[in-house]
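Just the one chain here, the form predicted alone, laid out as structure tokens.
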Amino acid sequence: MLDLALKGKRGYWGWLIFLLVIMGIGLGCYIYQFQEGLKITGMSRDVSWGFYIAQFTYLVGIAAGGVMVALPCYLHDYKAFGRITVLGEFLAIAAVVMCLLFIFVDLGNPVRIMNVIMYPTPNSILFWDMIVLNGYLFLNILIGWNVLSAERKGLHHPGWVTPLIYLSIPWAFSIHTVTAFLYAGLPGRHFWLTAIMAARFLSSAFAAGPALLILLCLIVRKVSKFDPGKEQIRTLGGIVAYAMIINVFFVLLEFFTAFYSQIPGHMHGLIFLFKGLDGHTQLVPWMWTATVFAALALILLIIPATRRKEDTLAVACVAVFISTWIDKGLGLVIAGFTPNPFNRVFDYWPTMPELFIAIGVWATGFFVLTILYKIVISVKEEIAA
């Protein structure tokens, strides 16, 4: 089926060339980083995780969000989702590819990534994160490709794929749970030391992942003859609504626990994000922007009339994506390092090379996603014809 990706209109090739240019710029900046080291980034001894890890954390959620399509389709036999399940699985593939690339560029020397394989340490969360991410990537490649191939032939997918499908569902939960443990397992970082970190991660994932899938379905309908379906998009809208409500509720729980208990370590991170700490207010406008978009998303998603109308649903999905991207990205990562163990605040902001490398990784992910979606759309149109 790969030959289907080699056939397309001018707009398709123009989009791929545009992504290749962005990828080339990102690669050039990465070569510069490789030669000079991580000193060209905004990271330091006090803020050792930055924009790269923020994107990695967010994209793990996008990958895990695909299970909200697979679970109803395969476990509950919700046949309507059969039209878009492969789209969700291929979105997960692109997201995991970006996750792995962000880990790759975050390492000063990429050869260090082999240490996890050559010197496995099962008591390390990073070791298990490598296992679940790569396992989830291969599961989605095997499942998505074989299901689509069988659909093209008018057959049911092979029997050996079924156990992999059932395995992929709890595996999707595991990738974001293990990622949450990377944060919650660090006792010296009060902002991350919370028992509901994994729950927060999953709720935001189940909001952001389906929200992005809705937007992609609307784009697919516009640029091709394949219609993912109104019922499918409406059902996904309901999933996003409930997940976003739970996500905001969990954030409010963190505020209550921190400020009612008056434990300084838990309060400092939230104060830093929403008010500023010791005169450092760089992230304050961003967090209030995330709050506004979260409120807008909730209003549009809770009201049935606006949630069922695709135009306003698209606006709500964009709001969910922006809100969770800020909150779960730089907000989550930087607040965990603030203040440092000496109770001092050090600013962090990504440098231009850092941003261009990150944009290059995103372009790589969308390049992979475009090719995979082109194959899916071509098969769907072929079947319809």
Partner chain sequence: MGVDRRQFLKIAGVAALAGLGGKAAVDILAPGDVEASMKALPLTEGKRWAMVINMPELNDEIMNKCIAACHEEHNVPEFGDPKVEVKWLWKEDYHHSFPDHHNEYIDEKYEHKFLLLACNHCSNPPCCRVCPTQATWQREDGIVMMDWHRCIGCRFCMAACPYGSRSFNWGDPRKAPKDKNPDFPTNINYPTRSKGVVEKCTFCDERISKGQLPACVEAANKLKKNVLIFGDLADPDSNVRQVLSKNYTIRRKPDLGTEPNIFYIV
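Residue numbers count along the first chain shown, from 1. Because the structure is a prediction, the values reported are computed rather than measured.
There is another form of the same protein, the form predicted together with the partner chain; it is not shown, and what comes next is about it.
Stretch-level contact analysis of 22-30, 40-48, 319-327, 60-68 against the partner chain in the predicted complex, using heavy atoms and a 4.5 Å limit, identifies 40-48. Every member of the trio Leu186, Phe342 and Asp347 reaches the partner chain in the predicted complex with some non-hydrogen atom inside 4.5 Å.
Exactly one listed residue, out of Gly82, Gly229, Gly265, Gly108, brings a non-hydrogen atom to within 4.5 Å of the partner chain in the predicted complex: Gly108.
Checked against the partner chain in the predicted complex, the candidates Lys225, His76, Arg112, His156 yield a single residue with a heavy atom inside 4.5 Å, and that residue is Arg112. The partner chain is not shown here, but in the predicted complex it comes within 4.5 Å of a heavy atom of Pro120. Although the partner is absent here, Trp192 sits close enough that one of its heavy atoms falls within 4.5 Å of the partner chain in the predicted complex. Contact annotation: Ser124 falls within 4.5 Å of the partner chain in the predicted complex, judged by heavy atom distances.
Contact check for Val284: every heavy atom lies farther than 4.5 Å from the partner chain in the predicted complex. If you take 11-37 and check each residue for a heavy atom within 4.5 Å of the partner chain in the predicted complex, you get Phe34, Gln35, Glu36, Gly37, in sequence order.
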